[in-house]
Structures are given as C-alpha cells and as structure tokens.
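The chain below stands alone and is given as structure tokens, in the form predicted on its own.
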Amino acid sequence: MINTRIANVLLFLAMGALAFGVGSKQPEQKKGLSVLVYIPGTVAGSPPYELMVAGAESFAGTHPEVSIKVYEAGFNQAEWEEQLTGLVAPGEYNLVLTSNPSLPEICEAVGKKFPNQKFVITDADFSGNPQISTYLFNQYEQSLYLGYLAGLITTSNMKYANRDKKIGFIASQEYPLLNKHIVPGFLDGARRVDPEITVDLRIIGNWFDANKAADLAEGMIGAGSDVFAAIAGGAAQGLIKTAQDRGAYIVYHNINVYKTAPGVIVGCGLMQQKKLTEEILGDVLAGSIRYGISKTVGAKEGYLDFIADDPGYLDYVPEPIRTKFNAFMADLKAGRIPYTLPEL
C-alpha cells in the first residue's frame, strides 16, 4: 500500500514537471546592446562628435534593444583615463564608442583592467588589440580637395583674394593626424593649383578659445593669408568672425556650415560620421564586427564628400572655379588623383 502511494506521488510529480516544462530548455532571450558614447570634449561645436551622437541616437531610435548613454568628458585629457575607468567599472556597457586619435592608448589601458570590455574608435588608427576596433577617416584626402579649392580661390580674382600665394590653417592643438595628414594634405591640394603656394599654420592651444583664434586670424590675414581652414572645435567661431570683419574665405572640414557665414565660408567637406556610426552599431549588434584591426575610409568608399549643391557654394564661387573643382572631386572619387598617404 505504501509503495503504491509512493508510486502515485512520483507519477504526479512527473506529470507536473511535463506540464510546466521543468527541465526543458528555456527559449533564448534576445540580448540588448548598451553603448557608452564617450565624447572627449563637448558635443556642441565639434562636427565629428555631433555626427557620432546623431548616428548613435538614430540607430537606437530604430532598434529598441539598443540603449545609448552620451558622456561629455571635457577638455582635460589628463582626466580621460580615470573617467573612462569609472564609467566602465560597473560592467554596464557592452561597447564604448568614441572618436579621437588619442583614445586608443587610453582605451587600451582601461581595457587591461576590464578584459571583457569592447571599444570602437573612429578618427583613429590602432590595431593588434582584440578589445579595440578603429576606423580612420582619410583626412589627408579631405584636406587634399579642400586645399585644391583653396588654391583655386587664392589664385583667383575673387573679392578677398590677394596676390600673396598664402593660405592659412588654424588648429586647436598639434597631434599626429593633424601634422602628418591634415595640414600636409591641405598644402598638397593647394600646390596642385600653384606649386608656389605656402600654408601658414597657427596653433590655439585648446578647443574653445575663440578670442585667441580671432587674434591669430587677424595676424594671418595681415601677413597675406586669404583662404583658411580650421580644425578648432568651438574656437573656430573666432576665425569665422574675423574673416567676416576683415574679408577672407574659409573652407570647412567635415560638416555643412555655409549658412554660418554666407560668402565667407565657400566650401564645406562632409564626413559621413553619422553613417559610419550607424553601420558600426549594426555590425556590433549582429556580432559581425572585427576587433584588433583598423580600417581606413575615404571619398572612394563614400565616407568623405564635398557639399556642392548648397547656395553657399553655388552663389559665391565663380562658375569657372566650380567647374575645375568639381572635375577634381570626380577624379578623386574615381581614384584618378594619385597621392601617397603618409604613415601616422
């Protein structure tokens, strides 16, 4: 009798287990993606950072399983490693997405403490670390075509062009990408118009001092520069104001700012940081991204371009200059403009 009762209890438990699925494999839940967008500086006034944040937020807007946290680290580079360490320590983020040539070494140091943390860095060139993937925009190439336009303008009879074969470049600080790609590419492009053109490079020392940028531009215009480029973050507003007041032209990297100073800003390059950011997050979500490598992208690949359909270009740059420049851009995109990309 006892054995019969025990058998009945065991049978009841077995049936219950089948009814409730005990011991069966649970359905695999779809994993989310938590991304820290780490901005080494501030978003406002920096086209690469503005476009990265826009791309990340756009991607998250169409993928509910993706969450985005934007952190502005400020301009004190000495604090970045400690900040980033504190942010990733809780293990909250699957990915740190950032953009700056100085970040690979910082991410590598942080990654040693957290071996499961992954990092993707744009505007940087770094390979060999299985936690880090980098994407380098070919800024030599963008500077090459902006320099070519600057060369056409400085040797023209446009209103603010003078007889001095001199163009200007104002930068916030010196770093390998600026010194080896951006400024040399700008000069290379200008000298394809006239080999006697020179470039006057001045350094602000930070990314926010618009007054100093204005003072530098004032002196450079006085010394003969009539066409400028700038990699200066928010400080570039000082150059723009001085160019408006004194009469000079600006060609601008990365973003459309024609409306900021019509007739002064006469050429705008385009960095497809937003597009690249969305593609990166898509690859991370799909598990197809490769770490440990660096990829260079440029005009031929569709990640760098020039905004040629804006009134700021069409209405203020004479048609003969536009014809020559547009032909140069077409040749560059087709791979018909030879150049050597220097090593960083």
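Heads up: residue numbers just count along the shown sequence, starting at 1. Just so we're clear, the structure is a prediction, and the values are computed from it rather than from any experiment.
One more form of this protein should be noted, the form predicted together with riboflavin, which is absent from this view; the next part is about it.
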item: Heavy atom within 4.5 Å of riboflavin in the predicted bound form - residue from 71, 160, 175, 93; value: 175
item: Sole residue of 204, 231, 183, 120 within 4.5 Å of riboflavin in the predicted bound form, by heavy atom; value: 231
item: Partner-facing stretch of 145-153, 72-80, 211-219, 190-198, counted where any non-hydrogen atom is within 4.5 angstroms of riboflavin in the predicted bound form; value: 72-80
item: Residue contact check: residue 47 to riboflavin in the predicted bound form, 4.5 Å heavy atom; value: yes
item: Riboflavin contact at residue 238 in the predicted bound form, heavy atom, 4.5 Å; value: no
item: In the predicted bound form, residue 312 touching riboflavin (heavy atom, 4.5 Å); value: no
item: is_contact(residue 40, riboflavin) in the predicted bound form, heavy atom dist at most 4.5 Å; value: yes
item: In the predicted bound form, residues of 124-151 near riboflavin [heavy atom within 4.5 Å]; value: 139
